[in-house]
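Okay, here we've got a single chain as structure tokens, the form predicted alone, with questions on binding and movement later.
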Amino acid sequence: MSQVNIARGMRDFLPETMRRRRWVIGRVRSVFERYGFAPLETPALERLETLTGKYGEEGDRLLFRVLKRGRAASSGQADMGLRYDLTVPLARVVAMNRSLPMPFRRYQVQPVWRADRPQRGRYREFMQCDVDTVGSTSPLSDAECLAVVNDSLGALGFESFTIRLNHREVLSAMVERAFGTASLSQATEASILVTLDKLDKIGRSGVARELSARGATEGSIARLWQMLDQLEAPSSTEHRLEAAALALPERAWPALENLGHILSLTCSLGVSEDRLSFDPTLARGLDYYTGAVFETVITKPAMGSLSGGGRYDHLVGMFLGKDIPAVGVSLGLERILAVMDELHMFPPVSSEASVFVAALDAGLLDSASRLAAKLRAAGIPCVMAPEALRAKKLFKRANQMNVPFVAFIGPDESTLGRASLKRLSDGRQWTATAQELLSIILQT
């Protein structure tokens, strides 16, 4: 018999895991809706031309492609792909539905797929939780993204995290000042930004090696480190922005002013200033970002970013033929779940059923079934034992299922026309009519 295995980078979610995932998604979804974002879902498959050319060279390489079907299957060509993120499908939706009221504010909680190398905290199929505002250039839309992240993580029990901000124009000005254009014979600005985005993963030595391989000189790399030291020296975000205004070309000043507005509005929305940090090294690797970019990190345990996003004012225009401003943020559900598990942050999550109903004798299954039907009709979820159980085994099984109540009918209860109810948390027990048991369950 051959060994049964799941595809690499994919996972099964057993009930206990699913309960935790649903609890987290429910908390996050509640925050999204509290900010007035409307739900949206898109297909798992998109046309290949919809996906390609939006994520950069590395993103295109990680797309899961789907071969043509029917008579064209033998060609070996692909015409569709599994969605890589939720942002490009959103841009396609906006382009196809021009009557949507603007600004269009949506949230989306769905899986995405990337043909990446599986590793700790990184999978080939994973869930994203996104909010986006399309049709607004206001820095308030950016600030709301940060406030949503802050409130979502707070609702899950996180206390120590930092929301890092930067701006693509700041990065562009920094590259111009450090490298110029003549010293980069084989590297583009976009490729430099992708390399800089790896700074927290491979360090300065690793980034320097990659920049050298792309044609950067030792002098330009040294200027980059000198500039970063100057920008990162101040301890407060306000002073870092002031240092950036002095160190960078004038073209960066509007972007720095924009970041200042976003930070001020984010604080007005209730986010602590201590949780916000201007980070001139933050790049975010996706090519479609055009303005402010942001991500959220915790220091212990080190699991990478818990959220990421930014402004992408040209992406919808790739489909529509005219630019429509947009900004959004995505919460990385898988990393959030992994961190919460490692830090023992999950509250006790009960079974879907509130009551485990059973008969102590095979001849009483009809009576137990009628009891279960009355409870369900009253809106109380319950699960039935399909066969008669002895009391000891009944309580053990209910405990294994994490069901708070056990209702059972034995010969004694049947004679009295009653049923017994036991609360497993403290062992308290009642014997009463079905209607009386219903009231007890609802009141406790």
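Each form is matched to the other, and the largest set of C-alpha atoms that superpose within 1.5 Å is called the rigid core. Residues carry their position along the shown sequence, with the first being 1. Values in this document were obtained by computation on a predicted structure and should not be read as measured data.
One more form of this protein, predicted in complex with a further copy of the same chain, exists but is not displayed; see below.
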| property | result |
| --- | --- |
| Single option in 298, 241, 95, 193 placed near a further copy of the same chain in the model of the complex, where near means a heavy atom within 4.5 Å | 95 |
| Residue among 102, 233, 345, 302 with a heavy atom within 4.5 Å of a further copy of the same chain in the model of the complex | 102 |
| Region of this chain that lies against a further copy of the same chain in the model of the complex, out of 368 to 376, 244 to 252, 167 to 175, 152 to 160 [heavy atom, 4.5 Å] | 368 to 376 |
| In the model of the complex, residue 212 touching a further copy of the same chain (heavy atom, 4.5 Å) | no |
| Close approach of residue 144 to a further copy of the same chain in the model of the complex, 4.5 Å, heavy atom | yes |
| Contact label in the model of the complex: residue 390 to a further copy of the same chain, heavy atom within 4.5 Å | no |
| Partner contact for residue 272 in the model of the complex: a further copy of the same chain, 4.5 angstroms, heavy atom | no |
| Partner contacts in the model of the complex for 17 to 48 (non-hydrogen atom within 4.5 angstroms of a further copy of the same chain) | 18, 19, 22, 29, 33, 34, 35, 36, 37, 38, 39, 40, 41, 42, 43, 44, 45, 46, 47 |
| C-alpha of residue 399 moved at least 2 Å between this form and the one not shown on rigid core | yes |
| Exceeds or equals 2 Å, Cα of residue 378 between this form and the one not shown, core fit | yes |
